[in-house]
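One chain follows as structure tokens, the form predicted alone.
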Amino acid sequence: MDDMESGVVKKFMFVNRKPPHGTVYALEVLEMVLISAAFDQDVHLAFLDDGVLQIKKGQTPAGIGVKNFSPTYRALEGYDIEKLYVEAESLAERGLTEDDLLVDVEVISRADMGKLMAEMDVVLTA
């Protein structure tokens, strides 16, 4: 019997490092997050590097011909996905603060992010 059949809950962390537009990474990770939550896994979502831009308020990508999917992040709470983390250094390097973000997150240091990743069963980075 595999873990999924036995009801074993694993800690998954999805690490977003890419900007929200220009590639499919951000949207694909968001879809994987929702699927993992549907299987009752313990889902954590982290935003590092340009990935912090995925949850920045005021995105208007219509000018580059893509859909703004950022409001979907607000729906995560409805899927019991409430463990969202942002690396403090990545936020500061982009001149952003927690008030610039669409959703409630826990801002943690790079060192603490590393410790948190070490506690996970599975870490997927995009």
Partner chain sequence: MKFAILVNEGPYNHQAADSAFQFCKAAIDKGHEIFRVFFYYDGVNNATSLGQPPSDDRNVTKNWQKLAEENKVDLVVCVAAGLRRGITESNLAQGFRISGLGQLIEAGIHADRLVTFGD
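Positions refer to the first chain, counted from 1. In this text, all values refer to a predicted model and were calculated from it rather than measured experimentally.
Another form, the form predicted in complex with its partner chain, is not on view; read the next lines as being about it.
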Residue contact check: Val86 to its partner chain in the predicted bound form, 4.5 Å heavy atom: no
is_contact(Phe39, its partner chain) in the predicted bound form, heavy atom dist at most 4.5 Å: yes
Contact label in the predicted bound form: Ile64 to its partner chain, heavy atom within 4.5 Å: no
Lys10 within 4.5 Å of its partner chain in the predicted bound form, heavy atoms: yes
Its partner chain in the predicted bound form: contacting segment from 56 to 64, 72 to 80, 88 to 96, 29 to 37, heavy atom within 4.5 Å: 29 to 37
In the predicted bound form: members of 100 to 126 within 4.5 Å of its partner chain, any heavy atom: Val122, Val123, Leu124, Thr125, Ala126
